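Take a look at this single chain, the form predicted alone, given in structure tokens.
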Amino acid sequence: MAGLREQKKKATRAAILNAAINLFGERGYERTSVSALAKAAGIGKGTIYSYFSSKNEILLAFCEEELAFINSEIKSKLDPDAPLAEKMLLVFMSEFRFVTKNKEFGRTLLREMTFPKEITIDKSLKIEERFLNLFVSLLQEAQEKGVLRTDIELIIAGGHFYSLYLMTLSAWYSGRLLSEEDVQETLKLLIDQALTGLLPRKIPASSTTDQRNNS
């Protein structure tokens, strides 16, 4: 009986989330009422509140699923010996594909997570911290392998890379990037530039001497 009850709870939760994807995408977050969500999910309004205390908590539930999906992708597809840039690109593209499965819903999710409501700001910050920790763990691993400077603040660096992803996602939504391939190429370039730096590379003294002798 306990197993059947648990299955029913999962099915009800999934029905609420599916209703949210469809209605938030079609009507927008603000114009979708809890009553409309309940009707679309085939349940009573009170049932929704037994799972989620607000509409914002429904959005946060998607963020939890997003994290689970990304971690699954990392475990199944990530080569432990791959370069840092390749690992970060996999994380970003996994997140991009999850968020944009329903384009309009993804737009709502991005807006609400970037500018969270006060009622759920504590939970939003905890989820954001878990996202950042994904990148921090990759950067820390690179430090341990000697391919990244050890004098950098990892949480700041993680935030920097995540901001590059958000900027790229915004460019896709605004139409400056037209396809998934455009998003991937842009992210690859931004990650490479961030890792190598934008300052001119120093020419070794021996190379400078050779150039003078040749001239």
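So that there is no doubt, residue numbering starts at 1 and follows the sequence shown. Here, rigid core means the biggest group of C-alpha atoms that superpose within 1.5 Å across both forms. Given the structure is predicted, the values throughout are model-derived calculations rather than measurements.
Absent from the display: the form predicted in complex with the DNA. The rest refers to it.
No residue of the trio Lys103, His160 and Thr168 has any heavy atom within 4.5 Å of the DNA in the predicted bound form. In plain terms, the part of the chain that comes close to the DNA in the predicted bound form, with a heavy atom within 4.5 Å, is 54-62 out of 142-150, 54-62, 160-168, 177-185.
In the predicted bound form, the DNA sits within 4.5 Å of a heavy atom belonging to Ile43.
When contacts are judged by a 4.5 Å heavy atom cut-off, Asn22 does not count as touching the DNA in the predicted bound form. Contact check for Val34: a non-hydrogen atom falls within 4.5 Å of the DNA in the predicted bound form. Mapping the unseen interface onto this chain, Phe69 falls outside it, with no heavy atom inside 4.5 Å of the DNA in the predicted bound form.
Once the rigid core is used as the reference frame, the Cα position of Leu154 differs between the shown form and the other one by less than 2 Å. The two forms, fitted on the rigid core, differ between the shown form and the other one by 2 Å or more at the CA of Ala15.
Taking the rigid core as fixed, one finds a CA shift for Leu190 smaller than 2 Å between the shown form and the other one. In the predicted bound form, the CA atoms of Lys10 and Val91 sit farther apart than in the displayed form, by at least 3 angstroms. An increase of at least 3 Å in the separation of the C-alpha atoms of Ala14 and Phe98 is found in the predicted bound form, compared with the displayed form.
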